[in-house]
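We begin with a single chain expressed as structure tokens, specifically the form predicted on its own.
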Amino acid sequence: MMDFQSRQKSLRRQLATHRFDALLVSHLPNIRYLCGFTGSAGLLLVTQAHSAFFTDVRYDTQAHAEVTGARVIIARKALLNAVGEWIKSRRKRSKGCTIGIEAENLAVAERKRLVELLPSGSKLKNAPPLVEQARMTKDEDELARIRQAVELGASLFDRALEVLRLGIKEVEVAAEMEYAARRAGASEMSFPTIIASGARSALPHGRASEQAIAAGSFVICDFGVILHGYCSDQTRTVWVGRASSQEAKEARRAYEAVKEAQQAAISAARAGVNVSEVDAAARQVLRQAGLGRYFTHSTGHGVGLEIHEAPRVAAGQKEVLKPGMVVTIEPGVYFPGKWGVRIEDMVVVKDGGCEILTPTGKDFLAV
């Protein structure tokens, strides 16, 4: 069971540190993290003393069943109006109060309306990413869910290999994988499945298309599932055609360089290390192989309730890895008009290194 009470208690300590009387949480993954609500409409107001969760009548039953550590208020009007009225009803305590907001998740028009609704003397202030910072470090319950999601996600690659053949469309491979995911219990995919073949494999985020898979090139398979609220993310790249061909030999050299770069980054990932050092470890290997300029994106990102969350594993980032952080390690090289290679695993950071969660092998594979 998730310890929502402890999470809210920890947030309250942060409110005091930043001199907020309350934090209005509007980002739904943050709301889920703090109180357990899984619906699509809600606001959570966390004050120094208590929490109030606002939603509409559609979620009456669900909110009362899911929300922990907060009073559930079913609004008969716009949620922001309900929040403003609730704060006004506590005039003496709210006079002159400072309310933090998640600026990246509150529209300009919403902020303006909220200012108009608040008692005189109150003010809104952009809050730092307090909840996102807490979410970076996963507890044991979260890690258990992530492990389950990773295991289920990995099984989809087996299905991909069963159906991947000459002439099949990328979207057909993706459909088979997504159907298998649903049958296995996934609530949805972490993101639209990427099956990118031929020259399209040089597109780092080339979603599955109507293109038929042809011989003599790579197919990038990037996929993940959401299970019990938590995401998985994995990439494998396979060669289509004869492994002994001259094209395949050249492709294999690039593949092995990416594999070596990924291992270097995995070896560098441990508690106390800056994320930029992990990124640098992968880039150094690819530069030495003469492929550095073909690695065009960051080495990885955090995964949890969202498919992309902090920390970002990239050059110039200042975050230091801590035990319990879950990140992807996914270097790749991309040759426009030709093909691309990416290998991606999820790892959990530990004191002496990291644990690879993804169970799938990474040897060069030709189909």
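In case it trips you up, residue 1 is the first one in the sequence shown, and so on. Keep in mind that this is a model prediction, so the values were computed, not measured.
There is another form of the same protein, the form predicted together with another copy of the chain; it is not shown, and what comes next is about it.
- Another copy of the chain is not shown here, and in the predicted complex it never comes within 4.5 Å of any heavy atom of G272.
- The closest non-hydrogen atom of K123 lies beyond 4.5 Å of another copy of the chain in the predicted complex.
- Under a 4.5 angstroms non-hydrogen atom cutoff, another copy of the chain in the predicted complex has R58 among its neighbouring residues.
- Heavy atoms of G185 reach within 4.5 Å of another copy of the chain in the predicted complex, making it an interface residue.
- In summary, among the residues E260, E247, E277, E172, the only one with a non-hydrogen atom within 4.5 Å of another copy of the chain in the predicted complex is E172.
- The listed set E116, D141, D158, E210 contains one residue whose heavy atoms approach another copy of the chain in the predicted complex to within 4.5 Å, identified as E210.
- Heavy atoms of every residue among E104, V108 and T193 are located within 4.5 Å of another copy of the chain in the predicted complex.
- Residues within 4.5 angstroms of another copy of the chain in the predicted complex, judged by any non-hydrogen atom, belong to 201 to 209 and to none of the other stretches in 149 to 157, 235 to 243, 201 to 209, 251 to 259.
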